[in-house]
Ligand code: NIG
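Here we start with a single chain on its own, the form predicted alone, put down as structure tokens.
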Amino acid sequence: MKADLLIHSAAQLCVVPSHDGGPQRGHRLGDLGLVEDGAVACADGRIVAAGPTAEVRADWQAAVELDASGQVVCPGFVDAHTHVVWAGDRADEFVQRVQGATYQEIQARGGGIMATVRATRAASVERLANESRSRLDRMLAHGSTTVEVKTGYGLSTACELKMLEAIDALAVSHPVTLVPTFLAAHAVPDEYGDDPDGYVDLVVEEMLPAILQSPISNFQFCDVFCDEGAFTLAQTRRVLEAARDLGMGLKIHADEFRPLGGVALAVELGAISADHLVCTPPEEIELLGQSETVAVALPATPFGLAHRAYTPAHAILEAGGALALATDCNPGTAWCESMTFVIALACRTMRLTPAQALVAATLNSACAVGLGARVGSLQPGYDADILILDLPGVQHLGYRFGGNPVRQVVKQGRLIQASL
């Protein structure tokens, strides 16, 4: 049979099979579907075969063949939580944190999210798209083939729509698959500083309808930052219930600094993911483990803030939960474009094995953005998003850090770069 592309002779082929049609949960996390001397064949942008090289090559011939001898072949990374579209930077805040200032202190001085809001409001659509495109280029070079991207640096109807326009421009011009999320409830803007409930009114009554009525609207999810210094549990409920009633999927930022009950709310409302989860109480971890909501850990964020607490991965797995990984790429706390670095952090700070971290960064992250039946695995029928890693085995993925092991990226069956 004819294929477009065949990658063969991989030292290790990581198929990363779904479990019961969904993510890998609890102690079953880390099933790589490992094939030594493996091969994968692609046709029309999809995986058509994956298995031992001898078997795949006996059944399939391809116009293009890649020899992956001595290397690891795995699915493209899925970055399930990013704020990758923004303008400007906050390097000055990094210096303040190094000198001892806390995130909340910087925010109280007018920095933090609002500093990026001011820069983003002042930027044109073209500038937003161009600055963000360079970040997406680097994410792709480090193996991320699908990236969730949030608004939330506009915080007005016009500027949130401007962010949507920039995201749409990138979605049609960049090889990375983008999954847009509406996050106007990211912070209370300065003009509503004395009336946060009034801002929630604006989000619910004006922004959500305007976004969904926009001719370029492609939002799939609505997110809210439910935490100390952001939005209360009651405000979060109001926004998420309004979004749900409009047919949007739900996400939540919760328990990064202080638990407010956001995880229990996410489970109650059937959110597809709950993200951060650094200080989630045990009883809410149990609820999470019994639900379909994916826990998305963002280890680059506490690392970026020099905090010692990280997502309690093993408690989530003990409860039977589904765990994913993402970069949280943003200008304030985690300007990180490398999922391989996130994997290395997760292995060290959350005590995941490299196999567990790889599944959390591929299939489980795909499930956290509603694409678990399409990307994150090399099972036949999935998009042919494939990485060739210049590593002798999967254990080296968490073992090494600071470099880029990605030798080759294939996106929907198309060779993106010959070398990286």
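It should be emphasised that the depicted structure is a prediction, and the values quoted were computed from it without experimental measurement. Sequential numbering from 1, following the sequence displayed.
One more form of this protein should be noted, the form predicted in complex with the named molecule, which is absent from this view; the next part is about it.
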TODO: With the named molecule left out here, work out from 277-285, 79-87, 232-240, 341-349 which stretch has heavy atoms within 4.5 Å of it in the predicted bound form.
DONE: 79-87
Task: the named molecule contact at Tyr153 in the predicted bound form, heavy atom, 4.5 Å - done: yes
Task: Exercise: Thr301 in contact with the named molecule in the predicted bound form, heavy atom 4.5 Å - done: yes
Task: Heavy atom of Ser132 within 4.5 Å of the named molecule in the predicted bound form - done: no
Task: 4.5 Å heavy atom contact, Lys251 and the named molecule in the predicted bound form - done: no
- [ ] Would you mind picking the one in Thr333, Thr177, Gln71, Thr293 that has a heavy atom within 4.5 Å of the named molecule in the predicted bound form?
- [x] Thr333
Open item on the list: Heavy atom within 4.5 Å of the named molecule in the predicted bound form: which residues of 109-128 meet that condition, in order?
Closed with: Ile113
